[in-house]
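Only one chain is given next, in structure tokens, and it is the form predicted on its own.
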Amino acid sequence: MASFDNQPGPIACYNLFTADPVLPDAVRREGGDVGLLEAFGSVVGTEQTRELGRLANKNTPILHTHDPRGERIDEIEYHPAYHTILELAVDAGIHCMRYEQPAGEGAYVTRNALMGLITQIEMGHGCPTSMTSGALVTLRNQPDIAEIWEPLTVSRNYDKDLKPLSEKTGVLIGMGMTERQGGSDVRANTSRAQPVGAGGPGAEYRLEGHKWFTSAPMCDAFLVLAYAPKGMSCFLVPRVLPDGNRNSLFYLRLKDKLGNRSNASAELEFSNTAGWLIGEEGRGIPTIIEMVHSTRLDVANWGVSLMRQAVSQAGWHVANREAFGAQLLDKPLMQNVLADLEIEVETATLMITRLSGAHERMDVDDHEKSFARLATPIAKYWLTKQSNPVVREALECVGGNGYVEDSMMPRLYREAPLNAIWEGAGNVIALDIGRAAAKNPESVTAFLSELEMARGRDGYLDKQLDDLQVTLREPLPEVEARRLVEKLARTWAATLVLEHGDPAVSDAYFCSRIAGDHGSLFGTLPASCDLDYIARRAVPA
């Protein structure tokens, strides 16, 4: 769109997939469906889709606890835009594509790239699609229940109405773990479950207690943790019972959140609430953990999608704005800032796509399974944290226009901090990396072996590899956990950009992030870098 009085208009329709300078090749390397992604990138890059994202967040969900007759209904009213964008995601199979092909054939890589594209435009709807995608892994621990729910879970029909399972054409499944007194420490939960009869796997129980944060409460069912007689256990809690009556699952209120406003998050109360045991009593955390690992991958992915869209917005603005007698994109200092941001986004994209490939093949390749065990929390920690400063600096590139709600930038900025909290805040993730190293030493071996393939190509990188080999031989003191994660993440990113990145981007990454000549903020790249070329990679074609 042409500028008006030197005011850049919004980004014109563009293909989010083909405009990305590294994603298509990265997806192709990992076996994803480039053709499908190109078609989807065109759809989500339209002004109409962006408008759906704006409307879904402007018109936030409303909780209706009772109907006009005073009957308890506990339903959430969403703006039609939210339903439309969620239907777009479900129709694309983001919630189910990973199950439609055998492991290793590219479906999961494709699905993760689809998720990364659509959440550039609207992130809140990603929550129910992510949880539903991960839920089936957990449900399959209880084959008799999975047999009932799986056909509707993998359906590409978006059915938003609350009704009995027998009348549904598709379902979404959420998750409830945290409680007010414990947060991430789920072993501090107080919710209880008693068997209706003899109990055991697949049996009905009755739950009493609460959940402090349950996002996407319009889902058809939730996987929740509660203490059964033999310990912490996992239960499937549907909103509608098999007989058609509503379960006694009550919504106390919706959270008034900083961001992610299109996606409702509710406080739930269990009162004689029916739930069905998934797996063994006392094995709730191991049962639900695969779902958690899956959603952590998505949360890391969302961090990258926010960075990419924010830097694309900044690139578009400076390419179409003049100041002090020249285009902003031609100003050396602006080139330094934008190039510095673009380097961060490109390495992040390489990391998340490589991790998607590992998850794609982890069921058929022991190395990939071991690699993913350590790489997933590293990516989750690093990519979600890096999105905060990247989005903030990109907002500054847009200037005052980026600080007003007519722009997409405030929404991206509000979304950015959430991903570092969701599915485990920074300290929880850093400690998980320590547990993985201690309990799964093969994960350390697999991760380091991948980094070692770059040895001999850069002296500074070799020094980093030497340091990591020494550091990971012994248990790391808890107080140093974050420092280790950052070193692991930067070294991993360096090996990826060295092997697969653009040479100019790789050189800039090494002379700043690895050799150490980089300031604490963006825009501090050495003048020797090809700043003009790298900065222009950030401008969406």
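Just so we're clear, the structure is a prediction, and the values are computed from it rather than from any experiment. Numbering starts at 1 and runs along the sequence shown.
What follows is about the form predicted together with a small molecule, which we do not show.
The single contact residue among S370, T129, T214, Q313, judged by any heavy atom lying within 4.5 Å of the small molecule in the predicted bound form, is T214.
Between the options I421, I289, M453, A188, the residue in contact with the small molecule in the predicted bound form by a heavy atom within 4.5 angstroms is I421. Looking at G176, you'd find a heavy atom of it within 4.5 angstroms of the small molecule in the predicted bound form. Using a 4.5 angstroms limit between non-hydrogen atoms, S184 touches the small molecule in the predicted bound form. Although the partner is absent here, Q464 sits far enough away that none of its heavy atoms falls within 4.5 Å of the small molecule in the predicted bound form. Not displayed here, the small molecule is approached by K257 to within 4.5 Å at the level of heavy atoms in the predicted bound form. Of the stretches 427-435, 79-87, 152-160, 440-448, only 427-435 has residues with a heavy atom within 4.5 Å of the small molecule in the predicted bound form.
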